Structures are given as C-alpha cells and as structure tokens.
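As a starting point, one isolated chain is supplied in structure tokens, in the form predicted on its own.
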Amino acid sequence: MEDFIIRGIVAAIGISIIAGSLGCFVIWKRMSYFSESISHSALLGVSLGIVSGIGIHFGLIIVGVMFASLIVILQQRKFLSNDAILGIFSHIALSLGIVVLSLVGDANTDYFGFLFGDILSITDSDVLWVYSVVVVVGSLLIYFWQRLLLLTLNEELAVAEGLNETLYKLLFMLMIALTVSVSVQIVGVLLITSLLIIPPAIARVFSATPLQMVFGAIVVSIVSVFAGLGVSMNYDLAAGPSIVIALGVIFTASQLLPIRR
C-alpha cells in the first residue's frame, strides 16, 4: 500500500479509540448537541492556526477550549436553556470560521478537506499528534473513570460526595476539544459528531455494562473506518462521508437485530 494510505489507517485507528470512548459519555449525558457545537468551532480553530502560524492542531485546541469554557460559564448562569446556548454558539462558531477562512485562505486552501476530511493530507507528524492525544485522553479517562461515570449516572449523588461538577465538565469538554483537533483531517468539521455518537449508539444494543459499551464502540468505530476508507479509495470518494455511510449501514443493521435488555 502507499505510504499515505498506511498513515491514514493508523491515524484513523487512533481517532476511533478516543472517539469511541468519549462518545459513550456523550450518549449517556445526552451531549450530542454540545459535541456538534465544538466541532463547528473547529473551522474557526483552523483559521486561527493558519493566521497565527501556530499550526492547525493548536488553533483547534485553543478555540475548542475557549468555546467550551464560555458554554460552561453561561450554563452556570441558567439564564438560557442548554439547547438555546449550544444552538447560538454552534451557528456563530461555524459562521465565524467560514468568514475568517475565506479572508485568510488562498487558492491552495482545501476547503472541502476541512469540511469532509482528506486522508491524503495526513503526515507523520499528524499521526504522532493523534497518538499523543490518545495517550492523554486515555490516561485521563482511566484515572477519572469512576468519578466521570458517577457524574454521568447520578449528578446529585456525585455532588453530595464532594465532586466538583464544573471542574469535571471542563475536563470532559477539554477531551472533546482534543478529539476534535485530531479528527478534522479524517472526517472533517461537519462529520466529527457522527464519529462520536453513532459507534456508541450501535454498541449500546449489544452491551450490558458501561465498559462493554466503550470497548464495543471502539471496535465498531475501527470497523467502520476500515470499511469507509476502503470504499473511499476504491471509488475515489471523500473519506469522511464514506466512513459515516459505513456507520449508517452498521447502525441500521443493529436496529434490525433483537435488542439485548
């Protein structure tokens, strides 16, 4: 296989590990709209990375953390409902990203790749960045697993036990921002949320425990990535949409099977 194909597969496996793991918490906490808002802000992060020269990945992290923090602050004020806050930020971030990118971009800017993913653009440094994030996010999830799970299952009990709800919300949102920062080149800004919510939704059908669901989501994500990239390379299609279509096929099949209760 060509080198760029190997790099794309290796990077996609790393992204599947962190997206599948975090996606379970997104499903459990009903935060799919939040992940959508952060993914939309990714386009503004790309623009910041290009303008400042710090690199796309650092631009994505800075903007993701900034927007996540603002969302948490506004949620604490309880002036607007969560869905209203997320809807406002989602559309503002996407619109700002499009405008700024159109101002700073040039004829060589791959707009389609940013929106829907571009496996050809992945370099060795991108692969290294992906697995650095895998190590960071994986370590945080393992270390804080019990506390994050308690906050997910029973928020009131977790607060009564002395856990700082706001702190762990910010931690979780930081992990989402890191995941978005490494997923842009594989699935694109508009499809990142699909990689976060569809694999856990599929794994939930066959899982009896939270840990089973996490591992199941990772396996489903990896299988869909291989299937999507295979279709993408054979038929010269965009990688991101091909992966999401593969997930859609698996999800449809899972819903036709008897559900384990």
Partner chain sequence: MSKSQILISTSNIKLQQNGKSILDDVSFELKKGEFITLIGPNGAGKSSLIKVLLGLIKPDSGSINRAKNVKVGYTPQRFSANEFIPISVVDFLNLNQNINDDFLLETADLTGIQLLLNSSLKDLSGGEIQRVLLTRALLGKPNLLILDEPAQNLDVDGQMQLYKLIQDIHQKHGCAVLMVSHDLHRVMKESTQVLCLYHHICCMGQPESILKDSKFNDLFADQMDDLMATYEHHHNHTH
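Positions refer to the first chain, counted from 1. Given the structure is predicted, the values throughout are model-derived calculations rather than measurements.
Separately, the form predicted in complex with the partner chain exists; it is not shown, and the next lines address it.
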Looking at the partner-bound form in the predicted bound form, is M213 within 4.5 Å of the partner chain by any heavy atom? yes
Hey, in the predicted bound form, is Q146 touching the partner chain, heavy atoms inside 4.5 Å? yes
Is there a non-hydrogen atom of L163 within 4.5 angstroms of a non-hydrogen atom of the partner chain in the predicted bound form? yes
May I ask you to state whether D83 is within 4.5 Å of the partner chain in the predicted bound form, using heavy atom distances? no
Give me the residue from Q75, S132, T152, S121 that has a heavy atom within 4.5 Å of the partner chain in the predicted bound form. T152
State the residue from F226, F58, Y33, W28 whose non-hydrogen atoms include one within 4.5 Å of the partner chain in the predicted bound form. W28
Looking at the partner chain in the predicted bound form, do all three of H91, S95 and L171 come within 4.5 Å of it through at least one heavy atom? no
Choose one stretch from 34-42, 49-57, 201-209, 188-196: the one whose residues place a heavy atom within 4.5 angstroms of the partner chain in the predicted bound form. 201-209
